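Next up: just one chain, as structure tokens, the form predicted on its own.
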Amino acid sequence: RGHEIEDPEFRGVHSAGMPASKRRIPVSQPGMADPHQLFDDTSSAQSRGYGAQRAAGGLGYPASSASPQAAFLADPVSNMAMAYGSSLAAHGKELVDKNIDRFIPVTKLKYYFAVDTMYVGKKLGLLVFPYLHQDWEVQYQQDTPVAPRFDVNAPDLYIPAMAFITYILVAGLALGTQDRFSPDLLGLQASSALAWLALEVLAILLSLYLVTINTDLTTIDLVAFLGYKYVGMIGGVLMGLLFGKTGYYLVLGWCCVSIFVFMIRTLRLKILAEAAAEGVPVRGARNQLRMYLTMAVAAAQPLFMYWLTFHLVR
């Protein structure tokens, strides 16, 4: 531990007959701490380490990598994993962008939502008063139909989508006024309307296939044309809430006739015009089937309008 050193102050006491008393004072050895210090001093080691860092940094801060190459060399595994993850994410995004159009035609959907306030106003007027409209041809620019906001005859999905949502809200309002509202009943109303719409589209596509009609009428066009009937359904239900069944039948009847005329004049350009371009005789058997199909689609709209709304007005 240390060498025992006799304290000279106690020599007289020892010689006077007092008990011998010696105080052991540890003698510091080279490399040991101060024996009078209560705690170990660790600041020297830290100061030495911090001084080394200051010396490396040059300005009192730890040294940092001077370039990305130095960082990569300092930790190559993590940087390589980060680079691989970035390349994998970029490849996945590119793969999704290439294949998303196979399932959801985003580019085509943008065309059907290219509308403005003026177009919406004109289109709603055309749906309610189609009798005075003369030119039903869709305008083209370099073999591509112009955006709906430039042509009131072009089909769109904005009005059908908003009309469907509004129809569900109005149906909930009508059920609430009759104390029959429930989330399940409202969900049934929405699902039944979508189911009937999908059934209509499938039936028309199957009919076009069986009749072998070559037309530029796409599935999205059919959804747009068939979705316009929700506008008249909203008007009928609202008038039924305000004026009873009399107002419901009057407004719904007017809208049913209007949508019938609208569908006839719109679809005949899509179906019968192709027959004229192919040189099919007007009174030919195939052309007669085209006419019957056009009238059947137009006549089905008033039936669905009544079927989906008559129980909402009492």
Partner chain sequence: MAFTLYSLLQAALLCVNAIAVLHEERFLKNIGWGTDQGIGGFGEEPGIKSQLMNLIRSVRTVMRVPLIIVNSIAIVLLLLFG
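From a predicted model like this one, the values you see are computed outputs, not experimental measurements. Residue numbers count along the first chain shown, from 1.
There is another form of the same protein, the form predicted together with the partner chain; it is not shown, and what comes next is about it.
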- Message: If the criterion is a non-hydrogen atom within 4.5 angstroms, does every one of Leu199, Leu206 and Trp307 touch the partner chain in the predicted complex?
- Response: yes
- Since exactly one of Ser191, Thr177, Ser87, Ser182 fits, which has a heavy atom within 4.5 Å of the partner chain in the predicted complex? Ser191
- Query: Looking at Gln134, Gln142, Thr117, Thr212, which has any heavy atom no more than 4.5 Å from the partner chain in the predicted complex?
  - Reply: Thr212
- Task: Could you confirm whether Ala195 comes within 4.5 Å of the partner chain in the predicted complex, counting heavy atoms only?
- Result: yes
- Message: Can you work out whether Arg314 and the partner chain are in contact in the predicted complex, taking contact to mean some heavy atom pair no more than 4.5 Å apart?
- Response: no
- Item | Contact test in the predicted complex: Leu272 vs the partner chain, heavy atoms, 4.5 Å | no
- Given that the partner is absent here, does Val261 sit within 4.5 Å of the partner chain in the predicted complex, heavy atoms only? no
- So which of 183-191, 123-131, 219-227, 143-151 is the stretch with heavy atoms within 4.5 Å of the partner chain in the predicted complex? 183-191
